[in-house]
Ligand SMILES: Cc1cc2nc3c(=O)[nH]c(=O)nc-3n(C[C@H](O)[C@H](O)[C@H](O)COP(=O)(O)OP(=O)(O)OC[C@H]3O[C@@H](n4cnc5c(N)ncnc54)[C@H](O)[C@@H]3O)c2cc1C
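Below sits a lone chain in structure tokens, taken as the form predicted alone.
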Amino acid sequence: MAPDTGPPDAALGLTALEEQVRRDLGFLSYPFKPWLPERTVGGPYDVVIVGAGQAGISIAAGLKRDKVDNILVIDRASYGQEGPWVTFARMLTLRSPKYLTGPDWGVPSLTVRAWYEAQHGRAAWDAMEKIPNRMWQDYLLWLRRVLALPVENDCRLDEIAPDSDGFRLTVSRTGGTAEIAARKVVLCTGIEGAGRWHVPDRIRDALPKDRYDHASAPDIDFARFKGRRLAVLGAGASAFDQAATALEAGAASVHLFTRRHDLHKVQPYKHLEKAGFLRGFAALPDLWRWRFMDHILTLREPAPKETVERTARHPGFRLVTGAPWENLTLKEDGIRIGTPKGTFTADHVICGTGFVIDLSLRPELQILHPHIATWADRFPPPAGEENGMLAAYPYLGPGFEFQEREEGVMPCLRNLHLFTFGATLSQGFSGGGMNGLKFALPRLIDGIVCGLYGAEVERHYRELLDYRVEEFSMDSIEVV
């Protein structure tokens, strides 16, 4: 192995890497023939991907490798603000190990390691524990540029409606509303993309909106908590991130409340980082998919060690266990929070209370959601294994496509694919994080490509019958 001579010139390193990317993709270009018909101007896109975060970028890259070029990726955020990494992800680094792959599609020159080493050298990569959020965002933007992916920012999806050739998407752009036609649509709309972030009714009912936030809010001004008292509800990783960020901004105190008597410290995802589970989960019978996810999702994901340590180092931090919020009142001296451990007073509340899966809450699905099958429609769990939370998850097909609740009523649903956390029960670790991306992406691309081909199978068959390209000429051959 060649010795590491230190960090290269960043610009020259990236230039050389991008040339290597072009070479590698050229070597891997088979099959290279276009197979979809050219669309007229204004005609439908073959695929519209909603969301330009790590999932949307990865899907667009995979489709282009399969010569599905008539695609568009839209994102409601402005350039550089896509996904959570520089908005509401308030951890300092990704929670995933730096060795996970996925957006690179198995091309070494497209990996985050190759991108990082081209600018900083191998020694710097070896020394880095986990990837900083901003760095991950920069990497995704580099992928988008080097792969020439068609992304439109500041474009929010408002509604999906059935159309004669797929779907009609109503979107809001800077200049107003518009309609986009698409044969297939992939929803990569983040963790809350199959429901919404959850704020308990008790908090909504007791407090004005300026006295509480959800951890997912991108515009929390933590500087205003300097010298103030903050209460955080929840004990997952995101709740700890809010507490640490507030304390680093000068909060006088932060009390973090959990109804559990002991923090959950076991991370089952690490146990399941195995090709057998990551590749094979989606093929399991319904009963086993239900049982695996009933265990995993009921446990909740614990905060990483470095996140807990980041918070605990501050003298103003207190963890209050066995303390569900029994009552909440707003008084002159602050917010009174009644718990079995006593009454606490805070100036502001942040909810680290996660999200709920409920397709009826998605504004873009108001026309379609009554026709979408959930697990409650397809799978009756054995007695004693009921779980209302799981029952609300959409029941997806093998290519992440929605299924009809009543067959034949809304057949276009097979052309609408969900690649968010809402796919977890049907497809395992996939659109909700990094650990299953490498294994889930090919299944999604297979579903999209097979659907596009099958929808026009008669045309493809006619083209085969009409194919007349001769392999050689008879002009120089004497035939007797």
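This is a predicted model, so every value here is computed, not measured. The numbering used is simple: start at 1 and walk along the sequence shown.
Here the subject shifts to the form predicted together with the ligand, a form of this protein not shown in this document.
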remark   = Answer key: of Gly62, Pro44, Gly447, Gly53, within 4.5 Å of the ligand in the model of the complex (heavy atoms) is Gly53
key: the ligand: the contacting residue among Gly354, Gly195, Pro84, Pro302 in the model of the complex [heavy atom, 4.5 Å]   = Pro84
ask   = Taking heavy atoms only, is Ser96 within 4.5 angstroms of the ligand in the model of the complex?
value = yes
ask   = According to a 4.5 angstroms non-hydrogen atom cut-off, is Ala114 in contact with the ligand in the model of the complex?
value = no
task = Using a 4.5 Å heavy atom cut-off, state whether Thr374 contacts the ligand in the model of the complex.
result = no
query = Does Cys188 reach the ligand in the model of the complex, with heavy atoms at most 4.5 Å apart?
reply = yes
message = Please identify, from 307 to 315, 398 to 406, 86 to 94, 292 to 300, the stretch that has a heavy atom within 4.5 Å of the ligand in the model of the complex.
response = 86 to 94
query = Quick check: do Arg76, Arg362 and Gly433 each get a heavy atom within 4.5 Å of the ligand in the model of the complex?
reply = yes
query = Who in 147 to 173 is close to the ligand in the model of the complex, meaning a heavy atom within 4.5 Å?
reply = Cys155, Arg156, Leu157
